[in-house]
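A single chain comes next, written as structure tokens; it is the form predicted alone.
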């Protein structure tokens, strides 16, 4: 005899049950408020004109009470608006695009490695294996002095690279925003490994003849997450300086930091890090509210430096031959995972809808009271964000975050394609990723963006943005001549 009703588990997809639950919880206030308003309206409609007039006459208004109440309302409103944080807007940004003469195809990189490390073929083979699995493409770039055999990392060459990258990005930003140097009130430059005297921020002040009372900051030694630290610093300064604009420059200068030794742990950065830089304009001016691309929502910073392993997992040091480089620990991904866990624990309550927070809470209580072996519930951050910009530190970093956050291939496309086209450009990689999303025409007004970056120390930082207006597909920028070719398939291993 055929069944009268199909089985529930096969006839109704559980994902629709979850969607219904999410909609119910996220709109619970509305669902409760509407019946109350309907009941009150029906009650009022049932009253006759005489009953309504009687109720009105029974209410006695005293002039002193009215004045006191009005004063109290005005006082509370004034305190609220004065204590409310100023809105910070991202007016626009620009990314540096290296010239084709600086490109380093795999064949060129490996040929130089063989010539520079001719006495150590095992180190050459190690670099080849790293490059094959790196996720980088054939169009990444290194500064001119690194193309020499052997490389010639002089102070003058490092300054030249800094000037080319930083000035090009700022010139492009000024052309986009039409801002004049005299209108810049705050300047922040972050570059982790190159910190000359005078500083890079002083170099920018000198080049653009910025005002003598400009508030200038130069951040160094803070790793690939320094870009978001600069954003957080700019937000704090803008809170206490009304009607101001902040220029932020994020870059990493490769020339003086290209490792020329043979230690394997210190050769990895040579395979991943490439030229790049970005300039960002933030503002708290009311006049910039309508033209700004994004509005800053949150910045959350997590620092694991109190732990010795975390502190030394990305460590600049000398090898046995006295050559300086960056040593990447084998525990790097484990430490990054712990830092990410701490960061999302803080950011979750700020951004997740009520439905996800309740599910997480119920699971946590269930594990504590009923069964500790219950699988922990991983919040669905796709409910909170439309776009994800994960620091393109390497294929392993993107893979780990995609797995931990349960993201689809589409969500990490911008990160993978940025790594493929430009390599790891350190703190500026997040802006190449945002530029990719815009170049694809995917950014819509109201969309929420989550930028996640990791840095030495060890740090995990997040910035949340909300798209402020309709963004037209740009006709310029770093992706101008190649966006039509992307996304591309990136094999697990590229045989060299």
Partner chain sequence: MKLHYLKAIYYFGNQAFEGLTTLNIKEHMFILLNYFPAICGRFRRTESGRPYIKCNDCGVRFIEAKCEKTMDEWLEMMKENASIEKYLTPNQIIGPELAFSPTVLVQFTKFKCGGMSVGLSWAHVLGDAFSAAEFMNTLGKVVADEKPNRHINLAQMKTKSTNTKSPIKIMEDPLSIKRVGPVGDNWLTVNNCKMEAFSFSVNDTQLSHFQSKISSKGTNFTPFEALSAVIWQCIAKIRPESEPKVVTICKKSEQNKVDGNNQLISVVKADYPIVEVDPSELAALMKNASFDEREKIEIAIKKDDGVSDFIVYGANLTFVNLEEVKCYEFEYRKQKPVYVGYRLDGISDSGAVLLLPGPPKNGGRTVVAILPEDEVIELKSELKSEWFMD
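Model, not experiment: these values are computed from the prediction. Residue numbers count along the first chain shown, from 1.
One more form of this protein exists, namely the form predicted together with its partner chain; it is left out here, but the text below deals with it.
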Going by a heavy atom distance of 4.5 Å, is residue 105 a contact of its partner chain in the predicted complex? yes
Indicate whether its partner chain has at least one heavy atom within 4.5 Å of a heavy atom of residue 163 in the predicted complex. no
Determine whether any heavy atom of residue 148 comes within 4.5 Å of a heavy atom of its partner chain in the predicted complex, and answer yes or no. yes
So in the predicted complex, does any heavy atom of residue 144 sit within 4.5 Å of its partner chain? yes
Between 100, 212, 197, 371, only one gets a heavy atom within 4.5 angstroms of its partner chain in the predicted complex; which residue is that? 100
Considering non-hydrogen atoms and a 4.5 Å limit, which listed residue (396, 73, 361, 115) is close to its partner chain in the predicted complex? 115
Of 212-220, 312-320, 105-113, 330-338, the segment with heavy atoms within 4.5 Å of its partner chain in the predicted complex is residues 105-113
